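What follows is a single chain, given as structure tokens, in the form predicted on its own.
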């Protein structure tokens, strides 16, 4: 057993307000504790209901390091089950998605289960008579996660059987999901194809922090976005020439510090927050003909303007997803090891909305988040340099002190300067909370 296991005091000491210890990024024991505690106690994104539209449809993914299956049961409800046969532990499905029909069947010994996980049948069942099998955990079938919530089509789960409620965990932060869904004239989204997916050689928290880091775009992206803007200017186009869609997307990455300062950052309890309170890099995209008319027809003019006037940049839902409401995108940062993270970038279609918006979102995803991205590789290089640099013994602490105020309180919503690092501190406050909430008292009892 390492120095952090069942030692909440040691874990809490890793975050001291304006800085965090490098171990939170590089220590493999802490990574394993995150999988056991943080990702079990928090509410974590699983998938979207449109990925399992029909009865028997399933989608396999992982929550922390736990393989799970999102499946549409015969009653139409979405369930989330651990991807493990209760007999010998065999994974039930290995395909990313499919339709299992009315039941799952283990490929090893043919135990079968209803799509809510209940045991359906066992070959040669008489062999279990008078053994007490009916009282075993295996007789209960595939185990479901502790709790599931379908919020406006987005499926979240809490692995732990007991803990914080969905509503308390997310609170006011759900307004970002509301805005993204409400941008559909029908009030519904559909996933638009598989995600762009690639590996980062860094700790998962680096990616989450970067989503609200507004002091790096004009520096890290100078070589990509800055070069694109320079080349566009060299074309010397007539004044008033509209920017091509690709330039509309990439040019704002070169915005000055003042732009991001005035943008604002909002934080909510439990590690959630977003950039773009007042404006964002998505604020000045060109209008899509006919879109506003459809929105007005659905919501009325006042509400339609309020929905589309909200241009939040990146909303972080702790622990490991980010959404962009104005372009209907979600990124999930899936930890594989202390220094390995898979990033999946999804886009969504606005039901009854113009396909031009889906095309814009797909372009953004390709340009910014794909393995062939123009901009994303700037970030990737910084993550990998940081992952290497944190092993240097000259300093052991990482500074997140920008616009820090002693005695900061994260128990309420706050709006601050758009270059504050408060959201990073907010995330680590939540990190400590959900890493230790089922450890507190353990150390004292042992002593």
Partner chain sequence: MTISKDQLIDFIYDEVRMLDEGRYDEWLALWLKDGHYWMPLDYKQTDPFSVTSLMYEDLFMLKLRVERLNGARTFSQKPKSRCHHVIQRPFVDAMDEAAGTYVTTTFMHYVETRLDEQTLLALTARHELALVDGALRIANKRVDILNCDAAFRNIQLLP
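Bear in mind the structure is a predicted one, so any value in this text is a computation, not a measurement. Positions refer to the first chain, counted from 1.
What comes next is about the form predicted together with the partner chain, which is not displayed.
The partner chain contact at residue 153 in the predicted bound form, heavy atom, 4.5 Å: Judged by the heavy-atom cut-off of 4.5 Å, residue 153 is well away from the partner chain in the predicted bound form.
Exercise: residue 163 in contact with the partner chain in the predicted bound form, heavy atom 4.5 Å: Contact with the partner chain, no.
Residue 79: touches the partner chain in the predicted bound form, heavy atom cutoff 4.5 angstroms: Contact with the partner chain, no.
Distance check, residue 96 to the partner chain in the predicted bound form, heavy atom within 4.5 Å: Yes, residue 96 sits close enough to the partner chain in the predicted bound form that at least one of its heavy atoms falls within 4.5 Å.
Listed residue that, although the partner chain is not shown, lies within 4.5 Å of it in the predicted bound form (heavy atoms), from 247, 337, 119, 110: It is 247.
Listed residue that, although the partner chain is not shown, lies within 4.5 Å of it in the predicted bound form (heavy atoms), from 223, 90, 255, 284: Answer to the contact question: 223.
Option from 27 to 35, 382 to 390, 399 to 407, 43 to 51 whose residues, in the predicted bound form, bring a heavy atom within 4.5 Å of the partner chain: That would be 382 to 390.
Heavy atom distance at most 4.5 Å to the partner chain in the predicted bound form, all of 192, 228 and 355: Spot residues vs the partner chain: full contact, yes.
Heavy atom contacts to the partner chain in the predicted bound form at 4.5 Å, residues of 184 to 209 in sequence order: Those in contact are 192, 193, 194, 195, 196, 197, 198, 199, 200, 201.
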